[in-house]
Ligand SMILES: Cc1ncc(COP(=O)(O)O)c(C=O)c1O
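Presented as structure tokens, the chain that follows is alone, the form predicted alone.
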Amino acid sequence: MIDRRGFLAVLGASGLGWPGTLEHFSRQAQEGGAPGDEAFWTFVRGQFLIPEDRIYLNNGTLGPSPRVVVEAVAEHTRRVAATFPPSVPWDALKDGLGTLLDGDPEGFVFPRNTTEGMSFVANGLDIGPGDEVLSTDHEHIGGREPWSSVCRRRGAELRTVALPAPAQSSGQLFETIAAGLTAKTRVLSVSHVTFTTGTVLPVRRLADLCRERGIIFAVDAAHPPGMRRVSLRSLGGDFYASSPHKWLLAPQGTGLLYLTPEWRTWLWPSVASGGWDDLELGAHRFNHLGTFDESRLAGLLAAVEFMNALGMDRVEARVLYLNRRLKEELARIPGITVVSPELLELSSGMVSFGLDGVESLRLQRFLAREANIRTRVIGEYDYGWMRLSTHIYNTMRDVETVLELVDRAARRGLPGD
């Protein structure tokens, strides 16, 4: 495996400009980076194109890419237009992800998003009448609807269990999901981190349970990569689908799907192109999709190396530091009910809450109007919660501003829209 410095040297030798930008950033980012080091994280924010007057708290939907990622995509696109397209170095991309996510590089597939990755899994399995797929009432449509479609078409049954919000412990979550399994359960499909409340589910324990019972385990992992340290080697399970355009800050249209070794030859491809039946290719046969936009993979490669340069320990600590501040202060505001878990082991970069007597959509408009704040309302399942996401480009001043405005809304009410 090539190390990062060697990797950058190889790409630099090919005449690409963005590896030099990344190497410069990597040198600048060597010192500092403690969770409360505002000077360091202000420097990191400077790597993004976010306007100074913009407070972006919706990374759980779409992460803004840093300049180096934008440069990588633009440079690749220009070279294609000039009929000199550089080839995407598959090995470097897989090795970079293997380092970032502690996984076997040979297990990575690159769909366009989590939805497509989960669709590859659902459509590639042999399930039919008499089979059950178990999920939860906190799944995103991208993780749920592939199973809904396949179950309806093939005569299988999709069932859900209700998760507590806020969850009190990892054990409570495990027991709730485990109680929903039956002798007919063929597949368990849950989120690693729920999009509704940012709750971290006990994926490792569920993977062990599924293996004991012969149940296929598929994980909707849209959020953890780029937000929390992930070890695919230790998590277990069969499939892990993610959207690097969220917390990994890659371009739109970049996804990833990780297949454990046994499934690299057993899963049926949903898209058949040359080599679909060449089992010696392993997981890479799922990357044979015909002509596609390789610039998105150039951007993904740059995003992976950007995050590897920062280091996931620093990134995770900062994300959770800001999240904890938000949760603690929101809980002190009269009329606020926080539905995200309090425990650190269950926490992520997202916090969801409701304000008594105020619809979250009205609160969302108020925040946008008062301080150009971008948020997300969880309208799915009729929950109606406000969700705030914090990432490495957010400053403590961003957090204080939104807290001040929510407190004002709670104490004085909202003006007419």
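From 1 onward, residues are counted along the sequence shown. No experiment lies behind these values; they were computed from the predicted model shown.
Here the subject shifts to the form predicted in complex with this ligand, a form of this protein not shown in this document.
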item: Sole residue of Val193, Ala167, Leu300, Val319 within 4.5 Å of this ligand in the predicted bound form, by heavy atom; value: Val193
item: Heavy atom within 4.5 Å of this ligand in the predicted bound form - the one residue of Lys327, Arg285, Arg314, His140 that qualifies; value: His140
item: In the predicted bound form, segment of 209 to 217, 185 to 193, 87 to 95, 305 to 313 with a heavy atom within 4.5 Å of this ligand; value: 185 to 193
item: Contact label in the predicted bound form: His76 to this ligand, heavy atom within 4.5 Å; value: no
item: Thr260 within 4.5 Å of this ligand in the predicted bound form, heavy atoms; value: no
item: Close approach of Arg296 to this ligand in the predicted bound form, 4.5 Å, heavy atom; value: no
item: Exercise: Ala222 in contact with this ligand in the predicted bound form, heavy atom 4.5 Å; value: yes
item: Non-hydrogen atom within 4.5 Å of this ligand in the predicted bound form for each of Thr42, His391 and Asn394; value: no
item: Contact set, 46 to 84 vs this ligand in the predicted bound form - heavy atom within 4.5 angstroms; value: Gly60
